[in-house]
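Encoded as structure tokens, the following chain is the form predicted on its own, with no partner shown.
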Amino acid sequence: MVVSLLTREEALAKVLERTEVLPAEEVPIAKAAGRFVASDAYAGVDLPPFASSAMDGFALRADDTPGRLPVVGRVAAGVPARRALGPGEAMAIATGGVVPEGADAVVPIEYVVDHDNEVEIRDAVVRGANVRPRGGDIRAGDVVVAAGTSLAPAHVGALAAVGLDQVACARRPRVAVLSTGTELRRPGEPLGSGEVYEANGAMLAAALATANADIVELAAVSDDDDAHRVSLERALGADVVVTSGGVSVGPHDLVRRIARELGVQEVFWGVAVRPGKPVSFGVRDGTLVFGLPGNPVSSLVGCELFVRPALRALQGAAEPGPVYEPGRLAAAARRNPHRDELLRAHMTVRDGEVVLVPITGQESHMIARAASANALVLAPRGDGELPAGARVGYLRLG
């Protein structure tokens, strides 16, 4: 059976074409880190909301410097001055304090000579020095965080600073993870002849949880039509279904056939990548269905290349990814003439540059070897090899 393989780029495009952003929900700011903003978030106040001091020092008029000025008041943060500052006067002020009316500069405390209730400023001060102007950071009504942004700690701080206690974020996608294979046993159980421990489900659940997914991890199913049908029907109630194993063309590879019988429209099967060629993708009533290969590393690669970007797109990510970062190969790597290869590598930094050292043991079943890698290096399809020192793109793992 000859199958025309899609390129990695073509397959990802077909996935994203069929991905619609999930409905939004209001999320408390304190729990919003990592979530994707569903619509532009606007400032409710100017930031800062008043002219404030950037230093502990003395508020004054720049035109009164240099000179010796009486200290007529003290301004603490959160406690504005009781009156305006007059010509030839100074007020002590704390960092963050409201610059009193009449003052147009602040001189740091270490730049004055304090004589009891007077201060001597020996050098001229520039108007506006050490004063944070009202709205200098952002104005009320301006966009604080744009739609599609993944909220980092600084974003959360900015939203809180402009007075927002909640932000609209796309709902977390609900993802059902299902491993297939009669040979699979739960970790902790004794192994019989020909059996292996089921690792893909836990691995995929861990990977997808870092993409904000709410995971529904189903029990592994044996290579039986009825068992597949019951588990897949249950899984199809989620936003995304991710299976591992059973997507090739052997007599025990049931996932694609049973999925079709349950109404899943298969969009593609087979992508020109190594490992992970026999990945499948389909849809049913808006549910995205990914069939990943059973070999653990193939499953991991398919997850990073196609499933993670889909989850980000479901949440309205401005850039679903995957985002390949630049680095250099530490050793030569042979290229595949027909398929892009994703090499497991250890990423390190040398002289300020990312260097990627391919690990030994690149076979797709070697999950224990792959555990020592923290990057997937993209070796584009082509002839020859990538020499040591070649610039490459890589994806971070973990």
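Being a predicted model, the structure only gives us computed values, none of them experimental. All residue numbers are counted from 1 along the displayed sequence.
Unshown form predicted in complex with a small molecule; subsequent notes refer to it.
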**OP:** Could you check which residue among Asp104, Asp253, Asp137, Glu304 gets a heavy atom within 4.5 Å of the small molecule in the predicted complex?
**Re:** Asp253
Subject >> Answer option from Gly327, Pro275, Pro293, Gly282, heavy atom within 4.5 Å of the small molecule in the predicted complex >> reply: Pro293
Original post:
Can Glu198 be called a contact residue for the small molecule in the predicted complex at 4.5 Å between heavy atoms?
Top reply: yes
Original post:
Does at least one non-hydrogen atom of Ser179 fall within 4.5 angstroms of the small molecule in the predicted complex?
Top reply: yes
Subject >> Non-hydrogen atom contact Leu184 with the small molecule in the predicted complex at 4.5 angstroms >> reply: yes
Original post:
Does the small molecule get within 4.5 angstroms of any non-hydrogen atom of Gly245 in the predicted complex?
Top reply: yes
Original post:
Can you say which of 198 to 206, 73 to 81, 312 to 320, 108 to 116 gets within 4.5 Å of the small molecule in the predicted complex, counting heavy atoms only?
Top reply: 198 to 206
